[in-house]
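We begin with a single chain expressed as structure tokens, specifically the form predicted alone.
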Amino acid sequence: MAALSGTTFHIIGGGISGLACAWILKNKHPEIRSVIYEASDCLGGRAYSYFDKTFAKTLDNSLHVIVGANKFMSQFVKKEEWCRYCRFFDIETGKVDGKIYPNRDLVLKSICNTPSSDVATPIKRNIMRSLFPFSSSRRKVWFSRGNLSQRIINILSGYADEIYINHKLRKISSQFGFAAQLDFGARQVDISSHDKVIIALDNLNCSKILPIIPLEHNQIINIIYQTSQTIFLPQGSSFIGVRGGSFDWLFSYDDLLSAVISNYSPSGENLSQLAMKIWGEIDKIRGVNSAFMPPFKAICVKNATIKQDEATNSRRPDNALSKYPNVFIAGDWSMKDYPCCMETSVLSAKRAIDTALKINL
């Protein structure tokens, strides 16, 4: 491994994939230097926390879930923080049950941000085998409560040797077929003959740098209500799946209720009308009749994940290689046959690192 001494991995993107690359390198190849370049002013990509002035609270840019089967991500959850029981509420009948299999379409839609009937068969297979097996010990759930940065992002960022924010990669200059320079506009970074580059960006931003196919994406929206006190859901649950409603999941923590809609498609109603409709359904779940709807805000993630149907899945990369022998691709979207989630982001980072280390330039 002495030959790796002096090697630098330039990691483009400070989301879960890019941060996981730094974690893998520091733990398995500490002699390699890792440098992360992030386009925005904060790390985390689609998984970070920020202070919201309206609610005067720290919120996540989108609510995230970790399940017990997520081998890497589960290390960030303490034993006492797991929710072991999942409940489902049927809007039409008002009944509550805790059975996963009858609610598999709702679960699959939420994992893949794609209607369950459209999800590619290989993705379903991998979900069942590794990411969401039907065993209670591995099906336990943790969800973010405005603590994504504190709990995950800040810890992972500590494994990078250097981090530069507000560094958006504009283009890669090449020489003799190899990537030779990274152009960040006000700054150019030369790539030595021993260095490697990992592009850990989402699909759309990656397609602006490398000749890859821009894929179709689906949205997710969170409607967050601030209540005067903690709201208790049926059977003491802190989260509940919803069948036949305007939203898919309801999460309760502190003085907030977060209603999540996967595969969100805007309709004719505005967000206030949508929030009012959802609040009426929340009343039904709670068995109350509220006099008014509490303050709310909508967090819409327009390009939350790629569409995970057969056609889109077939266009995802088969490996971590790019047009340049010293540039490699990471990101949950790049892992064909896997759902887009934080755990898959880590798998893509591992694949990119392993591929890069096998190639001698």
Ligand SMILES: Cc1cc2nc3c(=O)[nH]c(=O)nc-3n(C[C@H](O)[C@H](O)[C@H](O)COP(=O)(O)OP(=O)(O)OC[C@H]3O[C@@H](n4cnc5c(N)ncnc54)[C@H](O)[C@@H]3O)c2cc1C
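This is a predicted model, so every value here is computed, not measured. From 1 onward, residues are counted along the sequence shown.
The form predicted in complex with the ligand is left out here; the points below concern that form.
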State yes or no: in the model of the complex, is some non-hydrogen atom of Leu169 no more than 4.5 angstroms from a non-hydrogen atom of the ligand?
yes
Look up in the model of the complex whether Ala39 has a non-hydrogen atom within 4.5 angstroms of the ligand, and give yes or no.
yes
Should Asp202 be classed as touching the ligand in the model of the complex when contacts are defined as heavy atoms within 4.5 Å?
yes
Look up in the model of the complex whether Ala47 has a non-hydrogen atom within 4.5 angstroms of the ligand, and give yes or no.
yes
Stretch in contact in the model of the complex with the ligand, which is absent here, among 63-71, 321-329, 289-297, 26-34 (heavy atoms within 4.5 Å):
63-71
State the residue from Leu106, Leu156, Ile163, Ile220 whose non-hydrogen atoms include one within 4.5 Å of the ligand in the model of the complex.
Ile220
Candidate spot Ile12, Ile16 and Cys340, all three touching the ligand in the model of the complex (heavy atom, 4.5 Å)
yes
